[in-house]
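So this first bit is one chain, no partners, the form predicted on its own, shown in structure tokens.
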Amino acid sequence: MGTVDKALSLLDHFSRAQPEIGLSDMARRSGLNKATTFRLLAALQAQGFVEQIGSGREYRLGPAVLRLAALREAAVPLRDMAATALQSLSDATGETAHLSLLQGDRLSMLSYVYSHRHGTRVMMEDAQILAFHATSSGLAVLAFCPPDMIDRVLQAPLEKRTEDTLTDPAAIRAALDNVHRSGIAESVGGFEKDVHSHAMPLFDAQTRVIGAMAVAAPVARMTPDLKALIRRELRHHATDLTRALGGFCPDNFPVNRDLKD
């Protein structure tokens, strides 16, 4: 991993739950030594990507991140289209709907919508990085990625987040084959205990996978009827969003021809 890659990877450790991180904590999270971490943070700070605050001189995201986010949103107003589609999907299913985007070898949360139909619902986190092997969104995307990317993901250490997380590469490849045949991925407790999720990939104009649309519900609420409803609505909404983005499902994608054209 090059110097730029290492520096930018530090930004992934900030989240809504952890908006401020001290030097020692960042070194521990990143697995880098303290001197290297300080040098990388100093470079990010000089360009405005992080800034230091408080008496403890913790780091937080800087104004350059907001500027780039604004420019990106102005050029590609995907978030607005996603919000409308997610709201419709959440209303139809009564559950949490969310959308993630593929960025290099990472899958990052873009947007989510909560349903107010139930007091208990699956909660999401802004800009969360979703594990390919442990989430329905990750499996949905990975199933339609090039073979070399699948190999890279499965050769890396696979975190066992819960007792139900798949970490055996052979078992994951079998799951990907099922997703490729059905078009919809499913995960029960793989990323977070007691969460049952379904996801469907999104594609661009060259039929390349670019992300996933998903619905997440508490395991205790997942009846056969709800499962059928989620799969039906997810297929409809994800295919419509791919089309709205100017994309096309691959010719071998398991969906009706009238939804592809």
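Values in this document were obtained by computation on a predicted structure and should not be read as measured data. Only the largest set of C-alpha atoms that superpose within 1.5 Å between the two forms is called the rigid core. Start at 1 with the first residue shown and count on from there.
The following text describes the form predicted in complex with the DNA, which does not appear among the structures shown.
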query	finding
Listed range touching the DNA, judged in the predicted bound form by heavy atoms within 4.5 Å, from 60 to 68, 31 to 39, 190 to 198, 207 to 215	31 to 39
Heavy atom of residue 24 within 4.5 Å of the DNA in the predicted bound form	yes
Contact check for 18, 103 and 106 against the DNA in the predicted bound form, heavy atom at 4.5 Å	no
Residue 28 C-alpha relocation of at least 2 Å between this form and the one not shown, rigid core basis	yes
Cα displacement of residue 41 between this form and the one not shown reaching 2 Å, rigid core superposed	yes
Shift of residue 10 between this form and the one not shown at or above 2 Å (CA, core fit)	yes
